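Okay, here we've got a single chain as structure tokens, the form predicted on its own, with questions on binding and movement later.
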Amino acid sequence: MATVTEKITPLKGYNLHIIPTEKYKTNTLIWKMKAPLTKQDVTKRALLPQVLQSSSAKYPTTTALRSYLDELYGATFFVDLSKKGEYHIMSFSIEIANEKFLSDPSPLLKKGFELLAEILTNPNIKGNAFDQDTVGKEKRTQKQRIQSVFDDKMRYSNVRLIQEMCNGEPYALEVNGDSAEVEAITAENLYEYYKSAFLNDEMDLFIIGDVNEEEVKSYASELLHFEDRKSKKLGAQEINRANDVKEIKEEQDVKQGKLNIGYRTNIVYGDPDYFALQVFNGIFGGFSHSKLFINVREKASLAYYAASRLESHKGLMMVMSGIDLKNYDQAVGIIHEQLEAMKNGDFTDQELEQTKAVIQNQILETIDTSRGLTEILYHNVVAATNINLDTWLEEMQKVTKEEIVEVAKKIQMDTIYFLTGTEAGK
């Protein structure tokens, strides 16, 4: 029995993904737009969804738009930005009550479609420009959003690792853009970018809920139609891999050092050994039973936290650790030892089985929410492949110790970044 059923229909300018399920009392509409990360567009692209969510022609103020959401039985609407590999993704999500569970027979799903279409295709413009006040307000907020990364040292150190490791590669660009470029954005050039994005982006609409498939197709076809396009696919990624491991130390007024190490896995989503990489990461640093957590944090008491995570579409693994400034060399040494242990197959069958069980639970927990389910399914859009969830779970369970060792041997340390206190050298 399929864990998830996804029906994909090409419509005018985008693909419609219908995921019928009786799990929720709401219906969720998630619109995703994907384009390659570029320095010239990243800051405008980060600002665009914020401007679109603030108002529209029919709801010219944020108050008017939010008030209408309240009328729709407290429907929620939010936007999001992400990087997946070297693509920049904009997401627009509406979650609305399913009228089947209400005494009021209003066609709420259709109203959800109408609202999404209003926000995407009928923006609050004056002539050939977005509303000036809205753009000004959102530019100020965007600067604060970019600044907030600097203020959060855990996030900041991860951003700095990627900037150093992927210097010259599009992936080095920060998802919210560059603060220095915000001021140059105008209501006019942002509107030009809006038109370009809707003409060129790869676009997908996900509908999750207890819905009628033909009804959904009818609403989507009637309310959302765009020019047909060939979406921009990235060619082979250029990787500026250093011959030697780069080591960067940056001093700021911090009490706790942030040690971040970047590795090239040489494996991306869709590759045959991707499932073995997932299990590798779980044993190495993904969970509380992992080698990094136990050996760096628990046994050696060197770290406040120690974990690893994958960037599945770029082929990266990042290790993050919070350590006392004096423990740098020892922490780097123990982290290196854990990777060598993985390459030597120094892990037990119990660790292997426990990790598979935790990954399976994590995936099933993720797909328990409509948003999490969409993120899992969207991996296929980004990678231009088609791995269904049942296959994912089955292949992950089949992973052997030997396959994990082979994966470990492909992983190369690339960059060490250490955010240290100003007292470190004294």
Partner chain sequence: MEKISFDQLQEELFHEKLSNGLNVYILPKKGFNKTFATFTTKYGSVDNTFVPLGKNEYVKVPDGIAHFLEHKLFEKEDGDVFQQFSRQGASANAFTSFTRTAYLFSSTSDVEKNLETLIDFVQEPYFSEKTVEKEKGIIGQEITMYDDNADWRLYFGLIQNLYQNHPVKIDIAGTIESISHITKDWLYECYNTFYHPSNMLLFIVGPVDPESFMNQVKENQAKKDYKDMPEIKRKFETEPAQAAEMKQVLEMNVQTSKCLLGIKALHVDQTGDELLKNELTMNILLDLLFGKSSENYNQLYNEGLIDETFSFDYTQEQGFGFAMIGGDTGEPDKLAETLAGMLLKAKSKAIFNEEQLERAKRKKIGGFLRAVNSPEYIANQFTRYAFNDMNLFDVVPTLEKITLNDVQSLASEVISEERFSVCQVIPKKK
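Nothing here was measured: the structure is a model prediction, and the numbers come from that model. Residue numbers count along the first chain shown, from 1.
If you look for the form predicted together with its partner chain, you will not find it shown, but the lines that follow are about it.
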Counting only heavy atoms and a 4.5 Å cutoff, which of 122-130, 157-165, 278-286, 140-148 contacts its partner chain in the predicted bound form?
140-148
Even though its partner chain is not shown here, does it sit in the predicted bound form so that 180, 203 and 344 each have a heavy atom within 4.5 Å?
no
Exercise: residue 95 in contact with its partner chain in the predicted bound form, heavy atom 4.5 Å:
yes
Answer for residue 107 alone: is it within 4.5 Å of its partner chain in the predicted bound form, judged on heavy atom distances?
no
For residue 218, is any heavy atom within 4.5 Å of its partner chain in the predicted bound form, or not?
no
Find out whether any non-hydrogen atom of residue 324 is located within 4.5 angstroms of its partner chain in the predicted bound form, and reply yes or no.
yes
Identify which of 196, 212, 252, 189 has a heavy atom within 4.5 Å of its partner chain in the predicted bound form; exactly one of them does.
252
If we test each of 246, 83, 100, 309 for a heavy atom within 4.5 Å of its partner chain in the predicted bound form, the one that passes is 100
Stretch 213-230 - residues with a heavy atom within 4.5 Å of its partner chain in the predicted bound form
none
